[in-house]
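Just one chain follows, in the form predicted alone, and it is written as structure tokens.
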Amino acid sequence: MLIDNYGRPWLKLRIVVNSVCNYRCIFCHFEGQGKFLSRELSAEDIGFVTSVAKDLGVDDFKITGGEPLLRKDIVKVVDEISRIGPKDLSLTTNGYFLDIYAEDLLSHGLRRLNISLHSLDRRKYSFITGVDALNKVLENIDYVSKLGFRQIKLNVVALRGLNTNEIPMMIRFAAKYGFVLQLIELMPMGEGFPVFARYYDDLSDIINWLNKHGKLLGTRKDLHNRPLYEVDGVRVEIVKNYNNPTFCAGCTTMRLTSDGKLKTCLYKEPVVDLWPYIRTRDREGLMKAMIYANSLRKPNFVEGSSGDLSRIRIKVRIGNLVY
């Protein structure tokens, strides 16, 4: 296991498998990489990288994008990672294509799903995602709930004045299926940067509500010291990353970009280019590059830091409603 200079182990690898998406979410950070990159790792490339990472003690892999289910070979990608025998293999998706791929993904080793569901109101969902697809996604959620995945999480980015009043409704929806609910703080990254001041919510009101209506179970020490709550039988995870030294102190993750670079942090550079070693299947060279990347890891937010929330406020209209 690799430990960085701040005592944090590297346990998890987020794998960005493509740089395209069929949604246009107003807050998308695109995993800190560019859109429409010219080079894309093959399924075999990804399998090679994950096998080396596993040798270094990384045993938890999450597939993301873009929208990963836009890759025609996404089942092969899952199969390549599954072959190395990871402790955990999950995938984050907007849910649009789950009716096509979910069964094959499960049969090839995928065990967990994260499904983005930022509103249960059709107009709000369409505004947030840029796609009028709520009904289709809800049908797909109902479908995959019966397939036997070990765990399904609903990802909700909290947007002030837009969807934060839906949290009790989201909890009831998650309870219906036995899902985990993950509430995520808006990040001033990518598309989220210009709308940050308008929609940023520090989650304090939500946390107060959770304390009143549920109970604190503890924190996820293996992943950003995330607080865990239980409300009406539903586990609720809080992803409060912005200007949060506690979150950074518990970081155990790096990101593999879709063109073969290793990002030490969503918010910052540097990145280490792994492509020369991937292309030539240089196992020793790749291992050394990963060890070097781990040595560059450092918290983005530290005690005493402060965030700048001064951005232009924007009004938007959804039907007859103005936000």
Ligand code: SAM
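Predicted, not measured: the structure shown is a model, and the values here were computed from it. Don't overthink the numbering: it's just position in the shown sequence, from 1.
From this point on, the text means the form predicted together with this ligand, which you will not see here.
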property	result
Any non-hydrogen atom of C21 within 4.5 angstroms of this ligand in the model of the complex	yes
Close approach of F48 to this ligand in the model of the complex, 4.5 Å, heavy atom	no
In the model of the complex, T92 touching this ligand (heavy atom, 4.5 Å)	yes
M187: touches this ligand in the model of the complex, heavy atom cutoff 4.5 angstroms	yes
Heavy atom contact within 4.5 Å of this ligand in the model of the complex, the stretch among 77 to 85, 115 to 123, 143 to 151, 208 to 216	115 to 123
Interface residue in the model of the complex among C248, V157, V236, L98, criterion: non-hydrogen atom within 4.5 angstroms of this ligand	V157
In the model of the complex: members of 28 to 48 within 4.5 Å of this ligand, any heavy atom	C28, H29, E31
